[in-house]
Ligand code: AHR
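Next up: just one chain, as structure tokens, the form predicted alone.
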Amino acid sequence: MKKIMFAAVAAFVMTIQSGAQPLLTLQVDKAERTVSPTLYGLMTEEINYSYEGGLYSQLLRDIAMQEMTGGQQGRRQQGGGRQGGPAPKPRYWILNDSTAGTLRFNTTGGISFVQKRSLSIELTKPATLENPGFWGIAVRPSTTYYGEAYFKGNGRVTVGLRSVNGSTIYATQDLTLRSADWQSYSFNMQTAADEIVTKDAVFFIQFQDAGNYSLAYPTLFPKAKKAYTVKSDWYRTDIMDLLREMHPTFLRFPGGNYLEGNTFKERFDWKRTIGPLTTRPGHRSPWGYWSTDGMGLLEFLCWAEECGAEPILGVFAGYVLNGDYVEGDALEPFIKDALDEIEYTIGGPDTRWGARRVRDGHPEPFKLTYVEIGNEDFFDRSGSYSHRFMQFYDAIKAKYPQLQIISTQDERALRGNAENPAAVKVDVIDEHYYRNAEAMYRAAQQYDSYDRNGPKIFCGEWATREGSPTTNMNAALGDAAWMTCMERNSDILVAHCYAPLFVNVNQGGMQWESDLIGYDALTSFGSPSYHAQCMFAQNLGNKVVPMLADGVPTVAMGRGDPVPQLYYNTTIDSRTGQLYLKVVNIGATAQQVTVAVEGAKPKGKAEVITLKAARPEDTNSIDNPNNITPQKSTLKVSGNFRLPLAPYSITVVKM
């Protein structure tokens, strides 16, 4: 493959001199390299409000009573304030009449030793408490909203959904509070069949009597239109539908930086994320906001299952983002945690943690092939990762020899820091790449020259970072060029996944630009890069077809030499004979490419799927979600046929 690609590069130079029409030759009878069955997947972490205000369908903001404005904590969150300023106030729990009473957070005397915080409400007259959700709450017709809240106090209360200006009531339920101690109250509310669709709604609690009340851990979920296996209403169905279209074979979780946390206290401690919501203490995300851990270990596992994927399980490896780490004997408790986590995932009912998973609602073990030790430990300057990695590797392999272990440092770094380099064992190496489009074009032959006898590669995070909050067409072109490289080398590259996966597009919802899927409280959409991913993942064979190229033009770039205008790859399903040709035209000019098929005879008409834009900066948005989407057509094919390529386009030919 390396020689073929070098020959193609030579042809680029010839094209400038001769002006020849591009020719792509598909050597179908030489398809030998096997495409990894786990090539396309998903990567996730709590960033850009991915779960809170995203995939996790709980609608209320700050149910754990953690977010304040003013005071010391408010200054940390908002980056302002001064000593001696006003006392901190709840940020997302608001009285509609400030003269009616006062609100304050209590940090002791909560509903349990896990959920210690609550909201104290002291009213001198009737008043209404409001929660705006995550930049609004979605209201739809004929929809049931159910929830639960813990109250102290005596009085009449109405919970419900209403418009921001208070003029329209969408759904309500009356409650009667009758306890000076904590009492749980559940509620179900139904919207009318002719109700409007809006996101401009708030949740409210109307206290009809003056008095002193306390509120803790309120939740509100919409009833899902589709039934999922265990956590039936805990995923936003529109976002799940987008994920299914990507045909993922795996889900890498829980991160990303979310796995490590800024400190040991803020790591993803999986044992604190299972069981009832009120037993999950939650923790602060490294991206600056509170995570309730409503999306815990079981929810991640079920998410993968619902998408027809298997987990790639990241286990905490004793290193946190502030640079602190443990190794040696101090690492043993974390190794035990990892072994327990694997047992929860794949253990039978006769094991301790497998039995716990059964009690949590999932009797069958999940499928598990890969376990990743840590995340981005190339940032660990202490050199401790090689020792930590081998401790985990040996312990996991001793109990689960069938599992493949992924390292987040490359083989050279591991061996360079090891006391005995010969003892270092590596199954798979995780590589991360964030580039602009030009850098992606220049890297589009990177894996062609990798050692076929070395460790396998997992490209666990990658993206072309152009466009905000989601990517534009130029990023999609860079992504597609990079994916041709990964497909062509999928005998050594076993899996890859784009990151970040999600972004809440409201102001304040984004911490990282250029994301794959965008949403607000009501709707969601795929970026051009998302559609490119779907086109590639939905059209994939099991063998790589070698290709020769001649006459491929070049285009000038901002730095260095020109780059090829076309990027390409072909796979074939050896069982059905279905051939998948993918060609990316990054240039502003259309191209008419001749395709020659050797070793096979294409029949009849091929299906052609094209993603294109008038300008590379064109994109999709929450207001124009379908500006750039794949279009289908047909094309008559034979042993030699002409394939027209639009400017700024990604084309898939199924024949």
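Residues carry their position along the shown sequence, with the first being 1. Owing to the predicted nature of the structure, the values given are computational and were not obtained by experimental measurement.
The same protein also has a form predicted together with the named molecule, omitted here; what follows describes it.
Only one segment in the set 608-616, 59-67, 589-597, 40-48 has any non-hydrogen atom within 4.5 angstroms of the named molecule in the predicted complex, and it is 40-48. Of the heavy atoms in residue 375, some are within 4.5 Å of the named molecule in the predicted complex. By the criterion of a heavy atom within 4.5 Å, residue 431 is excluded from the residues contacting the named molecule in the predicted complex.
In the predicted complex, the named molecule lies within 4.5 Å of some heavy atom of residue 287.
Remark: residue 467 does not count among the residues lining the named molecule in the predicted complex, judged by a heavy atom distance of 4.5 Å or less. Residue in contact with the named molecule in the predicted complex (any heavy atom within 4.5 Å), chosen from 214, 198, 257, 384: 257. This chain lacks the partner; the member of 218, 500, 518, 296 within 4.5 angstroms of the named molecule in the predicted complex by a non-hydrogen atom is 500. Contact annotation for 167-190: no residue has a non-hydrogen atom within 4.5 angstroms of the named molecule in the predicted complex.
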